[in-house]
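Take a look at this one chain, the form predicted on its own, written out in structure tokens.
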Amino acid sequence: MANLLPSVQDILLLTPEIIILLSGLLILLITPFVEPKYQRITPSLAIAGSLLAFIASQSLGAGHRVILNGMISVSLYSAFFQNIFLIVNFLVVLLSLTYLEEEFANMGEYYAMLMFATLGMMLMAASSDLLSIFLALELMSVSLYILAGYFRRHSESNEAAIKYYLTGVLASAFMLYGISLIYGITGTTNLRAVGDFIGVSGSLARDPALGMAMLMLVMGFGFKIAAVPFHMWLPDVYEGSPTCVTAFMSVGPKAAGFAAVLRVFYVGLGSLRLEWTVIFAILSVLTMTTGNLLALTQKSVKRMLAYSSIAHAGYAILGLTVAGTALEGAGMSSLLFYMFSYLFMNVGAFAVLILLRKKALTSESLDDFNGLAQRAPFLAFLMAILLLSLTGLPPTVGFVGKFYVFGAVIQVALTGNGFYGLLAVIAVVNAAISAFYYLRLLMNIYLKDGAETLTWRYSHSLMFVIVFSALATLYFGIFPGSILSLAQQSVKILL
């Protein structure tokens, strides 16, 4: 019988996760004893935990070690995504400081839930078993349900939490049913073992239940990454949640979802790639097109960014479709790079919304940005960089991310696959559509006159997040080689 107790080596390899777990527990334990004037000790602990976990993860990514009886895989692949989650957590803690103080919200539970959600994401990226993926996903999801409804006195926040919870439970049910079918067919939940079994004796023609299992998993993960038609919850949840929570949800859970999807479908269901490649290609077209067209009609900037995040999920799914072809390495590495590039531009854009909200603006309407360049030229310049990156224009990291994802699709098309040629055309057209609503906001910032005169005062933590995000957007747009090389090395463990 296998030893179920973790070894000392297992514990050492889980150092980043343990640091995040202990940070969250410590924050929960001390919160009742902290006087209001010392409330900032809890975000300080969250920041320290994120930085320590980030440092620890740098020394654990080399090689590939499977621990906890095959449940967890420690490798460059898991480390790549974990770094994304830790950076997001660090930035969101910073942009939450003044936001929570002005809302008179209790800070301790908020930062503890951020840490637990981050822990769930880290475990999702490292999981190599369907059960550990599901448990990590539920840890992340429950924490996010609480965060979405954190402002209990706001009806919009309550509504966001209820909608997120109901759709999340539905997604979990689909996923769990798919996992149970796979276990019934293969007798295991380990992804490598599932892949080996299906590769030898599994086929949709021989076992229709396998097709049902695959569809259930597609639907479950489709909800988590907000792929159309499983996106219905996202705009209302993003709009009703606290903006700092929206910034966190727009990047972290999405990246965690893609980390798990890539491992489940490429490793566990790799022999069915012909079938799931077609499914993901259809989802990609629906997702990017629906997200962009609906974003065009929005008057609320926060809601516009919500729909644009759906469109960006569609671009990322393109990498999944290429992962099912002979150019699998290019598809997977482009997906990883796209998730990294999306981190800075999206968190930075939401940080600008929060900063404007602090200065007597709601920052919900496009008109609220009118004349921002005259009132705050430096902030307008930073927002312009972030919007150009979201649009996918050089020399930003958003351009490089789209370049590699679209380039991978075009490479497959050049092998004579006309289906991928059509995908590439649709993706480019969608990128052009997205330019309209991003540049429309930029036009409001620079070409329209604002009705308000503001006495500008900065929030140092928010400005740090915005400046850091803008600089990272430019730096990795001009020098993307290190991250792209890391992404290419990270996916080798899956090949």
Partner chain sequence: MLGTSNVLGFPILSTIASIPLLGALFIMFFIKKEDEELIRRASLATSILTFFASLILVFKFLRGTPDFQFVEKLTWIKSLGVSYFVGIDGMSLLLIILATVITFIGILSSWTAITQRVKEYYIFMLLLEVGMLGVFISLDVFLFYVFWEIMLVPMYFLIGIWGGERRLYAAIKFFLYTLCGSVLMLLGILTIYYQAGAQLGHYTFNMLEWYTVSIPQNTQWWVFLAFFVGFAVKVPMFPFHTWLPDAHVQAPTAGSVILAGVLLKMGTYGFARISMPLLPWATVKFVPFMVVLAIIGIIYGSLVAMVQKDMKKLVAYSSVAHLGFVMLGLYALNAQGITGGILQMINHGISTSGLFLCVGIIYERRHTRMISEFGGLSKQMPVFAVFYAIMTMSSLGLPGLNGFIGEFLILVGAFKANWMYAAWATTGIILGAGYLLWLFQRVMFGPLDNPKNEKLPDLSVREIFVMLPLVVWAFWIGLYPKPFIEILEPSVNHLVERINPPPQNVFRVGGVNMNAGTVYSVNAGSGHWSTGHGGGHGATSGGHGAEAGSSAVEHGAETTVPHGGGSHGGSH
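None of the values given here were measured: they were computed from a predicted structure. Positions refer to the first chain, counted from 1.
One more form of this protein, predicted in complex with its partner chain, exists but is not displayed; see below.
Heavy atoms of every residue among P395, Y404 and G407 are located within 4.5 Å of its partner chain in the predicted complex. Comment: 409-417 is the region of 409-417, 136-144, 79-87, 252-260 lying near its partner chain in the predicted complex, near meaning a non-hydrogen atom within 4.5 Å. When you look in the predicted complex, the only residue of I317, L386, L97, A373 with a non-hydrogen atom within 4.5 Å of its partner chain is A373. Here is the short version: of V34, A435, L52, L28, the single residue with a heavy atom within 4.5 Å of its partner chain in the predicted complex is A435. Taking the partner from elsewhere, Q9 is found to have every heavy atom lying beyond 4.5 Å of its partner chain in the predicted complex. Residue contact with its partner chain in the predicted complex: Q489 places no heavy atom within 4.5 Å of it. L439 belongs to the set of residues with a heavy atom inside 4.5 Å of its partner chain in the predicted complex. In the predicted complex, L22 stays away from its partner chain, with no heavy atom inside 4.5 Å.
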